[in-house]
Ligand SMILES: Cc1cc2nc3c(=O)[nH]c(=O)nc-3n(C[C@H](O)[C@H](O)[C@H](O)COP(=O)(O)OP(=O)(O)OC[C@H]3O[C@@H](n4cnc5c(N)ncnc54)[C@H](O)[C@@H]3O)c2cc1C
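The chain below stands alone and is given in structure tokens; this is the form predicted on its own.
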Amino acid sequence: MTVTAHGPLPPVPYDVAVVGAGVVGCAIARELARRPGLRIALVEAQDDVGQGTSKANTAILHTGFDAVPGSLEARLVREGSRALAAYAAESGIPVEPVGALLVAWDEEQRAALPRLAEKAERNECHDTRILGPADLYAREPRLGPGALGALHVPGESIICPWTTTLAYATQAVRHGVDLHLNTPVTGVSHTGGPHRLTTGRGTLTARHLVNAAGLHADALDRHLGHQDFTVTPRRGQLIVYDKFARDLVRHILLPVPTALGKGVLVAPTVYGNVLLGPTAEDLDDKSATGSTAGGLALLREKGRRILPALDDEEVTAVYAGLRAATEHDDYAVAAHPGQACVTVGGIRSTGLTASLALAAHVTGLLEDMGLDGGPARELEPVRMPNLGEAFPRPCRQPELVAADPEYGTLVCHCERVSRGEIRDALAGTVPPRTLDGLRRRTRVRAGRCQGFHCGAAVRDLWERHRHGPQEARA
């Protein structure tokens, strides 16, 4: 059970190699770790878990009310939503059940609400209700003028996507999974024996392969001779508003969906901010995660209609993520028994919600093709640091501060992050390798000043941890 980011890879074959340490890959590795007889590798091209699509998720725990009924995605989102809600409660991952309102802004959209309610019923989401304008504005008094009604989906929640991915990875590593970071897979060969993965750190061999490579899942699939789908990176740009905007919105505000996705939403976050986005731009470049003036202007225009008061609020940050869109309207999950391989492709923004159910499904496919790791065991639970605004941070817990004063010494005042939290993150099972990784684990430098006031202190703590106090002062 190791975490490596450099040096040669082990020469002994693994039972399973999972390629891709996003939220889905980490969930699969965690589920496989429940089989004590297996030797598992989790292989990631970048320097941290959750560095791709997972870190730019819209952070919604979906009910699956609007999935295609009868699809694999619909079933796994439904099962995964319940599983992740329970896992979050056990692991300290912040979740807030704020509910969603699917807002109709014209007669065509209002006419679609009964159909969407019926679709929700078919997806076993039985508590939706169509609201008229009066009920809608009573629930969301700051909503822009002209809304004609809404579908209320009370089961939708907001969640912390960073902590979820890290929890899965932490649990996996603690139960024997080897996590290999900075290990891009550039080729795969399978000629009857183990898979041979060509990587930037040498060759890794494994008897079974799980392709959870996200945006690059189609390229990896083609190494094995499959052309089942093509990933088109779909960029989603988002604007993050300051915590002062949080009182403007009570629910996740969704538009009536289109073929490109759920459209531009306004949603609170568990961190106390408000999100506006995402855009849906199909691109050719799988690394194009930059924001654009045009994209941000489009979001501001749409936000002005949904929640006009947002226009007067401060923007804390902007970011963009790429979703793995394909030509299919369902997940591209396929078993290839002759090659001892499972492909997990086309996992869109619902992948966070479906992650635990996807992991169980993929593990079942592997077992159907002969993988035997013995009876499943219960894993020792993990308890993740709380990053949620609705829950007490360490600096506000007198007993904790009395036992360890480092939790009472604030470094980042915007997000109330203490020296104790930074220390714990740096010493974690899957520690950060960059300051951005530290931010995802603690929220340090993520507040309204974006590190202007705390940046030097955070850098000093970072350097002291990496090199010791003498080198940090040099």
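Since this is a predicted model, take the numbers as computed values, not measurements. Throughout, we count residues from 1 along the sequence that is shown.
One more form of this protein should be noted, the form predicted together with the named molecule, which is absent from this view; the next part is about it.
- Stretch 40-48 is the answer when you ask which of 403-411, 419-427, 436-444, 40-48 has residues with heavy atoms within 4.5 Å of the named molecule in the model of the complex.
- Site annotation in the model of the complex: the residue of L143, L322, V177, C125 reaching within 4.5 Å of the named molecule with a heavy atom is L322.
- Of the residues T363, T343, T183, Q171, just one reaches the named molecule in the model of the complex with a heavy atom at 4.5 Å or closer; this is T183.
- In the model of the complex, the named molecule stays beyond 4.5 Å of every heavy atom belonging to V264.
- Proximity of T164 to the named molecule in the model of the complex: non-hydrogen atoms within 4.5 Å are absent; the residue sits far from the partner.
- Taking the partner from the other structure, the named molecule in the model of the complex has a heavy atom within 4.5 Å of a heavy atom of A213.
- Although the partner is absent here, V24 sits close enough that one of its heavy atoms falls within 4.5 Å of the named molecule in the model of the complex.
- Counting a residue when any of its non-hydrogen atoms is within 4.5 Å of the named molecule in the model of the complex, the hits in 336-365 run I347, R348, S349, T350, G351, L352, T353.
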